[in-house]
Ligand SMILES: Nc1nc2c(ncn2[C@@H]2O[C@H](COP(=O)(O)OP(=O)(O)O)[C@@H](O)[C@H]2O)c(=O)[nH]1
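Just the one chain here, laid out as structure tokens, in the form predicted alone.
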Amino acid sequence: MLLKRIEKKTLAEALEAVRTECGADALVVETRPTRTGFLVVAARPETRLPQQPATAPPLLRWTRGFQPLAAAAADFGVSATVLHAVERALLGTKVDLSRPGDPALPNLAARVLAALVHEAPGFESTDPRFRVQALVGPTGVGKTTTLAKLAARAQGRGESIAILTLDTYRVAAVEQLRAFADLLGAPFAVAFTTTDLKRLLAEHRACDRIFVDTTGRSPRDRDALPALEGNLRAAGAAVLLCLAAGTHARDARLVLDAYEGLGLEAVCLTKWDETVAPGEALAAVVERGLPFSHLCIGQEVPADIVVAQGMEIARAVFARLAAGAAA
């Protein structure tokens, strides 16, 4: 069969191009992230599988072998778009999808999914682009607590830190962050204007890492985001979006649409421990082609935050299936 290479900015766009150019029954041989988006290698199948009747139950759209994995991942919240990408990649391998029970399938499916989960280790690196880090996101996602965790981790690595905030709307948030800074013995200041922010960054230029908290904004408040963008560009900050893991898919896409214009470097999924279906938010980010920096797994500072690892996330998606099989 003739293979076709298709590269697009997002996974969803790449799969749509596959459907357009190779047909709805195209076989996906390879799916992997690139520097600029996603590469999909696909081909039009030489023989078509028989179409399912229109009245077939929803799960029959999957191959028999992949169906248990799809059910487990869907229960986790993972979207059909991401699951179809995984299934089509598996169709290009030697794994048997004609029937359930291939022992190699779960691990191989996890490896394929892990390849779709971009990682952003730069936030804990010595790369100067990540020296100033600004946390953004909707209200109530835990930006301030996440910042405290990141700051404590940086200090634990032996870095000198400073903490700044642009959140002048909530007195409680300022005092909470000031208390965290005091516990860490780190300088803390409030910036009311872009000029203040530039001055404070200059004052703390000797610090290894500077963290900037921002005001939580509704993704529908589009008037406030340009001002925030101006501040972040003036700071030269690496922008980290905090997104609650329990956010529903439609709301997650709304948040990503609103905040992507800020030049996001990565996404931190917060409150992972507070939901049974983090896959909806996870899949929304994967489909957008954005990398993950961390997962927040509890309220303890600084313990309850881990660096995002694609393979560990992928294993979590299919863990319920493995638990069921073990039982």
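Numbers follow the displayed sequence, beginning with 1. This structure is a prediction, so every number in the text was calculated from the model and none was measured.
Although not depicted, the form predicted in complex with the named molecule is the subject of the following passage.
Across the proposed site, Q67, R88 and R111 without exception lack any heavy atom within 4.5 Å of the named molecule in the predicted complex. This chain is drawn without the named molecule; in the predicted complex, the residue among S79, N231, T145, Q133 with a heavy atom within 4.5 Å of it is T145. Remark: T270 counts among the residues lining the named molecule in the predicted complex, judged by a heavy atom distance of 4.5 Å or less. Although the partner is absent here, G298 sits close enough that one of its heavy atoms falls within 4.5 Å of the named molecule in the predicted complex.
Within 4.5 Å of some heavy atom of the named molecule in the predicted complex lies at least one heavy atom of E274.
In the predicted complex, the named molecule stays beyond 4.5 Å of every heavy atom belonging to N107. Partner contacts here mean any heavy atom within 4.5 Å of the named molecule in the predicted complex, and among 121-129, 67-75, 145-153, 219-227 they occur only in 145-153.
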